[in-house]
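Have a look below at one chain only, the form predicted on its own, in structure tokens format.
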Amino acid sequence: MSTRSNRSWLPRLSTGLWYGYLVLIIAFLMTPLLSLIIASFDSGQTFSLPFEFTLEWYRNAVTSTSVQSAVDSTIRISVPVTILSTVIGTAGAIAYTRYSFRGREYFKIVALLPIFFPLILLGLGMSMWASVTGLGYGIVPAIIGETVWISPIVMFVVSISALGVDPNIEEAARDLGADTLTIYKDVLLPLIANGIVSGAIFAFVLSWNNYYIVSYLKGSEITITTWIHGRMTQGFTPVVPALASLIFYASLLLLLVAIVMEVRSER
């Protein structure tokens, strides 16, 4: 009787340990972000106890002219990067998932290679390339540099959606007389639209939060991430955690939208 009773607790103990493990992992991952958010609401110049709630640092971040200038530069980079990365990544995803050609697997490996390259070295290489070719530094080189890194990520995201579309649907449309343009416009692209939008959102978030590549190529332009780095190295201000928290809130919202659309595209 006692042995049977002990065995009945084993599944509950196992489940409890599993959820405890998950809570510890989540706490480990979220502690730095939570610390940043808590510090952004503290009235002190540096985070310390006792905690006194304030929204002053958020107000200073929103009204700061240097922050507004950094936001403007970041938008002028992120929007073109999002458009270019989405177009290039979607074209690459369609080429890989809808066509058979020699070297198809090598194409995938080479296309995805920038994702696995250390960003600081990728930025250094692009900086040397911009110098050698005479392109120089500024908004345009930063757009090109980020597009090289982000396009493969968009290709990966869109490929997931494209692989979920039955090729027989396109064959059926072709048998009914649809030409290639019609198949793309009326069949394939609408079916992978959620994946394309998800890829675009990922591209914007990655471009917005990028530091290493843009710091090498931006020239005299100041973006959000380089502004934060400058404040951290030249004199800390509580506006930094407030601005970083605002970026986190916006990025989290966009990523949730992307995840929801990606899940919907897989159904």
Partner chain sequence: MSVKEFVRSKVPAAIDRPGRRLASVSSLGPPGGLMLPLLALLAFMFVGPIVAIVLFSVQTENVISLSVADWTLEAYREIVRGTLSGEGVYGEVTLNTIVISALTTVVAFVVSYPAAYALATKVRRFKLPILIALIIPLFTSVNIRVYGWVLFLINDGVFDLLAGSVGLDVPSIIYTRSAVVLGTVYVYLPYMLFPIYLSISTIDDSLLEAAADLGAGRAKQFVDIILPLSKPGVIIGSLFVFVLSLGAEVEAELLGGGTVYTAASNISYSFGYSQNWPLGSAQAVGLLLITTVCGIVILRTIDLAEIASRGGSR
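Residue numbers count along the first chain shown, from 1. Worth saying up front: this structure is predicted, and the values here are computed from it rather than measured. By rigid core we mean the largest C-alpha set that fits within 1.5 Å across both forms.
The discussion below concerns the form predicted in complex with the partner chain, not included here.
At a distance threshold of 4.5 angstroms between non-hydrogen atoms, residue 59 is out of contact with the partner chain in the predicted complex. The partner chain in the predicted complex comes within 4.5 Å of no heavy atom belonging to residue 73. Within this chain, residue 138 is remote from the site of the partner chain in the predicted complex, having no heavy atom within 4.5 Å. Contact annotation for residue 191: none of its heavy atoms lies within 4.5 Å of the partner chain in the predicted complex. For the partner-free chain shown, 15, 18, 19, 21, 22, 25, 26, 28, 29 of 13 to 29 come within 4.5 angstroms of the partner chain in the predicted complex, judged by any non-hydrogen atom. For residue 32, the Cα coordinates differ by under 2 angstroms between this form and the one not shown after the core has been superposed. Relative to the superposed core, residue 234 undergoes a Cα shift of 2 Å or more between this form and the one not shown.
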